[in-house]
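Next up: a single chain in structure tokens, the form predicted alone.
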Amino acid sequence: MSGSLRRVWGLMYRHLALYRRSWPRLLELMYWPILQMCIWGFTASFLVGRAGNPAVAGNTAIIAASALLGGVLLWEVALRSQMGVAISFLEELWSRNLGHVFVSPIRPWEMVSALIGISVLRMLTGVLPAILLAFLLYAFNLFAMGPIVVLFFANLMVMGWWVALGVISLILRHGAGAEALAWSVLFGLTPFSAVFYPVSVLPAAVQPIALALPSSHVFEGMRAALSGVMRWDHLAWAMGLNVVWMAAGIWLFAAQFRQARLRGALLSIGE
């Protein structure tokens, strides 16, 4: 194993050891995705029940309920990915470990790689049980849409990562006062992400904001896939936008990290 991979694994193992010895941490990873899925699953069941006989009402209510559950589960992918990176970084701050990490040979990109690796594991630990319960409780199979679900997952994970890099950059710039953004930024983007409704229902002035986010294209593609139509144009837009936003997130993180190191903030941040 090369030196870089060993360092990345060492950073990841530090966080994995915390979860291995703390069942409340593992439970917390699964708690919110399962809770969200149950709440919206009951709502979807209510909508289908109100639709009456599917032969009379058509499949509209069933498709709407599936879109609701699919939106909840896929949005949790973005949320857990973003929080996996941001919270893991904050744990380094809370333990006053950031200065110790960077007096070692570890480079910033190695730490970001480790945070992303932990984010993937946290996301899978939280979201997969919710997907399983959605199938057991509501007979909703997210993977019935086919392999395209993997592309939905990938795009939403990448979106979570660049949002987290933006949050970390703000924490490096403004200190502990910006920590609350780790929980709130992506929730603030929910209305523009078209999670539960198409972009077309948004006001005309807001639609350009929604279309600039990869998530809105993912969810438009998901609703089309539930109707049996593959909208590859939406996936292409999602991928392209993720490349642009990820590049911006990396640039912002690198700039703020460099400034924090020059100010000596890596030792005092959070105080």
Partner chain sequence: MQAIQVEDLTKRYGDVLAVDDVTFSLAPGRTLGLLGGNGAGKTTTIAMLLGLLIPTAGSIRILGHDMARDRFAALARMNFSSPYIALPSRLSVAENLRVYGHLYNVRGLETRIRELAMQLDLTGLLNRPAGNLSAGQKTRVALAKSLINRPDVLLLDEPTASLDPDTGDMVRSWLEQYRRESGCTILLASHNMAEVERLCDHVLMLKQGCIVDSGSPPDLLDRYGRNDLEQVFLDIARNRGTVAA
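Predicted model, so just to flag it, every value in this text is computed and none were measured. Positions refer to the first chain, counted from 1.
As for the form predicted in complex with the partner chain, it is not shown, yet the points below apply to it.
Heavy atoms within 4.5 Å of the partner chain in the model of the complex map, among the stretches 179-187, 148-156, 73-81, 102-110, onto 102-110 alone.
Contact annotation: Asn141 falls outside 4.5 Å of the partner chain in the model of the complex, judged by heavy atom distances. Under a 4.5 angstroms non-hydrogen atom cutoff, the partner chain in the model of the complex has Arg96 among its neighbouring residues. Interface residue remark: Trp251 is not counted as part of the site for the partner chain in the model of the complex, having no heavy atom within 4.5 Å. In the model of the complex, at least one heavy atom of Leu262 sits within 4.5 Å of the partner chain. Contact annotation for 3-33: residues with any non-hydrogen atom within 4.5 angstroms of the partner chain in the model of the complex are Gly3, Arg6, Arg7, Trp9, Gly10, Leu11, Tyr13, Arg14, Ala17, Leu18, Arg20, Arg21, Arg25, listed in sequence order.
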